[in-house]
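The chain below stands alone and is given in structure tokens; this is the form predicted alone.
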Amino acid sequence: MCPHCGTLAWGAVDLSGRGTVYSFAVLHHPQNPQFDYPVIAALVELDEGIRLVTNLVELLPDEVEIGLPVEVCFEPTADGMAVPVFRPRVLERRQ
């Protein structure tokens, strides 16, 4: 539901898949065998202004910081699907 107008209508929009880390937490417990620990759970703000809860991958917990530029990638799930997760942007890692 739209928090502004209350409509249930929706539409698909292409997004860049780029954003920055708005907030994060490093999770150690309770552990679930489906995940590798520690899990870096993050609130990512996309360049388009949308925020979403996701996991960060391809970095260590002490490498995460607020404002870190990230890009989407997809991780497979046990049922053959994929979920969006975020990794540090390639260009920023080279600088």
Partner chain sequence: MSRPSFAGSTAIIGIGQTEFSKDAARSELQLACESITAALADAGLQPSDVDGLVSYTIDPVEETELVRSVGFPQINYSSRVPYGGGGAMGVLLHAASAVASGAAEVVVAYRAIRARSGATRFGGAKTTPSPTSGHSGTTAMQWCMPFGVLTPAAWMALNSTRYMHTFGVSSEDFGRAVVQLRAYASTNPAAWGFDRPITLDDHQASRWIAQPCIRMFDCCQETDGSVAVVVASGELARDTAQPPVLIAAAGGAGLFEQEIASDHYRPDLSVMEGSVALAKLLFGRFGIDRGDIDAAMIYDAFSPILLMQLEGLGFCERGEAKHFIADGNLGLDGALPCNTNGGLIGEGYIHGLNLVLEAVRQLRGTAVNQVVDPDAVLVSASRTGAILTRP
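Residue numbers count along the first chain shown, from 1. Note that this is a predicted model, so its numbers are computed, not measured.
What comes next is about the form predicted in complex with the partner chain, which does not appear here.
Taking the partner from the other structure, the partner chain in the predicted bound form has no heavy atom within 4.5 Å of any heavy atom of Leu60. Among residues of the shown chain, Leu46 is not one whose heavy atoms approach the partner chain to within 4.5 Å in the predicted bound form.
Looking at Ser23, you'd find a heavy atom of it within 4.5 angstroms of the partner chain in the predicted bound form. None of the heavy atoms of Val13 is located within 4.5 Å of the partner chain in the predicted bound form.
Contacts to the partner chain in the predicted bound form (heavy atom within 4.5 Å) from stretch 65-84: Ile66, Val83, Pro84.
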